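Shown below, as structure tokens, is a lone chain in the form predicted alone; questions about how it binds or moves come after it.
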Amino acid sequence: MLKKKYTCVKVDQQKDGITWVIFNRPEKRNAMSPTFHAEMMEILTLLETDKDTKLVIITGEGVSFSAGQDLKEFFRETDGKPEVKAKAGNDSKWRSDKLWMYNKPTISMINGFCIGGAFTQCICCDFSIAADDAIFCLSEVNWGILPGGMVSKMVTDTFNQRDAMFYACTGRTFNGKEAAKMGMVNYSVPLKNLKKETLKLAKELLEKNPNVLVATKHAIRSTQSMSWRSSADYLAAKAAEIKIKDAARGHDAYAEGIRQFIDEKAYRPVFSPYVGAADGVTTAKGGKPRASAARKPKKAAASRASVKRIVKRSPAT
């Protein structure tokens, strides 16, 4: 549990393992200063090994997710100060290097303006949900620089080529619905439902085996730039890593999921994780089979009933 108070960021740790990291410079539309970056780097580093944190949601206080870099504090006030500028640049890597391969699931909740350099943390979180009316913009072209940091590369990898070129070169805005169509966020919802839908996704993720979930997200990230053969070797190593980490909690995800499905019919893998995936309390340890495991989908049942009626009505041959 983090007890330290920060000047630019609020940390709200819930009892269910969800930790909110909230940018807290609403008077600056949550623009990112050197102090802001230093605090975010410290917070994410601590939360990565914090036993009370199982998942991190990143969002902004007020009407903005983030308006990008604080032009005055991050750029002008570090001019002629190479050591200060270097530290600020290194600390700002929480958005990319830290989040990209973070050891816990992350969600960015885009509640308003997401401008320029703020694209980095939006894209580098594992999942992202936006308000329908959130405003996105790569405005850098209008004040004479490239999109901040590695944003040009990120939007090229995330958007299709036409959209990446269009929005980077025009500086036009787009909303949450358009961001979802382009793949910058997973989906968008009305602002009034944003927190509820974000928590819904968070709780769904927390039902999974945490070792499998982290290994899977690392696999998706890492294999993007690997050859077929390198990917095969990496995925085999990740599978072995899951077994080692699961063994530390007296568990074996590979064997348990198959055992419950084939031998006990305790869950339906298309609709839910196996029993005890999250906490290790499997059916063998007193966990209860899911009620949904015994139910048949209504549509499927209706289809079978229709087939029976057709068979009965068909003339004998």
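Treat the numbers as computed from the prediction; the structure is a model and nothing was measured. All residue numbers refer to positions in the sequence shown, first residue = 1.
Omitted from view is the form predicted together with acetyl coenzyme *A (ACO), to which the following refers.
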Which is the contacting stretch out of 61 to 69, 283 to 291, 38 to 46, 249 to 257, given heavy atoms within 4.5 Å of acetyl coenzyme *A (ACO) in the predicted bound form?
61 to 69
Quick one: is W94 in contact with acetyl coenzyme *A (ACO) in the predicted bound form, heavy atoms, 4.5 Å cut-off?
no
Examine F75 and determine whether its closest non-hydrogen atom to acetyl coenzyme *A (ACO) in the predicted bound form is within 4.5 angstroms.
yes
Contact of E140 with acetyl coenzyme *A (ACO) in the predicted bound form (heavy atom, 4.5 Å):
yes
Is E27 close enough to touch acetyl coenzyme *A (ACO) in the predicted bound form, meaning at least one heavy atom pair within 4.5 Å?
yes
Residue (of A277, A31, L55, A266) lying close to acetyl coenzyme *A (ACO) in the predicted bound form, criterion heavy atoms within 4.5 Å:
A31
What is the one choice in A239, I220, I145, A86 with a heavy atom within 4.5 Å of acetyl coenzyme *A (ACO) in the predicted bound form?
I145
Using a 4.5 Å cut-off on heavy atoms, what residues in 115 to 140 are near acetyl coenzyme *A (ACO) in the predicted bound form?
I115, G116, G117, S139, E140
